[in-house]
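Coming up is one lone chain in structure tokens, specifically the form predicted alone.
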Amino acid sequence: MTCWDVVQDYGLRSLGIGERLLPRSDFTLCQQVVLIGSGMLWNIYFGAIALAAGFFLAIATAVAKAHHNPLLRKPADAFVLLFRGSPLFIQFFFAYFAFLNLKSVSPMLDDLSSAWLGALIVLFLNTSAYSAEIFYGALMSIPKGDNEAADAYGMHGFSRFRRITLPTTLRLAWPAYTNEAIFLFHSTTLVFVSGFPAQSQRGDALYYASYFADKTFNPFVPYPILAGYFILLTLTVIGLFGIVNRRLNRHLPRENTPKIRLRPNLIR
């Protein structure tokens, strides 16, 4: 079997397309690279959808936290505290069993106990809470001169928020938000080792890397492959977010544009 045959058989294995059974013996480097790469499709799915949807909830939560009305501020504070104060692994664990109990309420809720939806909801809420704190800090750091200039031009309400407050908040928060996006993609490796099961051995990249490590008793091949994939994914995220960062700061001189740097969160 050539490497191209392996790609055809296992390239979309994590999505249920291709060979039904996983390799049992005589594992080749090509099989490990292809299958772990196939699992990366799930990591990209979880990270991209949670990040895109969580951006809007994070902005809304940050605005609510900065609002003077306690009916808006207190729930936003509680939401951020809940998801920032508890480990993501525990959130997956409790969410899975909570969603299992909801299945008895209505058959329409069966998909909540599946990773593609249930784990995505947890990641969406988690990244929204962390991102909301980033945007809140940026919102509180907007120079008073910007607000005074908006008042001088007669900007109020949503027009002022759309043209002054939001662009300045994004410009100040974007480098830190980039690091949150990177960490979110790394956090997707917890999905299939926490509570949500992999159906028919359709797991993410870590799931397949662990499979090969267990079968070959040699973790020094699959795990470096996994790390390599995530390094490439991280470089892609940095590149895409860097384009947005330059767009947000296009009005500034090039030497004054803040650079995006990778700052891993050692403790979260």
Partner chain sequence: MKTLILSTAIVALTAGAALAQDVVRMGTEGAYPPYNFLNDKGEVDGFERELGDELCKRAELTCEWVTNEWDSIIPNLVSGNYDTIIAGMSITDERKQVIDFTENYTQPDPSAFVAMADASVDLSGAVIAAQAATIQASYVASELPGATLLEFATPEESIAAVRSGEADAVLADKAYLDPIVAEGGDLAFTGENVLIGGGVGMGVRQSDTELRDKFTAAIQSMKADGTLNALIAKWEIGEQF
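It should be emphasised that the depicted structure is a prediction, and the values quoted were computed from it without experimental measurement. Residue numbers count along the first chain shown, from 1.
FYI, the form predicted together with its partner chain isn't displayed, but the following is about it.
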Which of 209 to 217, 30 to 38, 66 to 74, 49 to 57 sits within 4.5 Å of its partner chain in the predicted complex, heavy atom basis: 209 to 217
Distance check, Ser128 to its partner chain in the predicted complex, heavy atom within 4.5 Å: no
Ser200, heavy atom within 4.5 angstroms of its partner chain in the predicted complex: yes
Close approach of His251 to its partner chain in the predicted complex, 4.5 Å, heavy atom: no
Partner contact for Gly118 in the predicted complex: its partner chain, 4.5 angstroms, heavy atom: no
Interface residue in the predicted complex among Leu100, Ile142, Ala150, Leu170, criterion: non-hydrogen atom within 4.5 angstroms of its partner chain: Leu100
Any residue of 20 to 50 that, in the predicted complex, places a heavy atom within 4.5 Å of its partner chain: Arg20, Leu21, Arg24
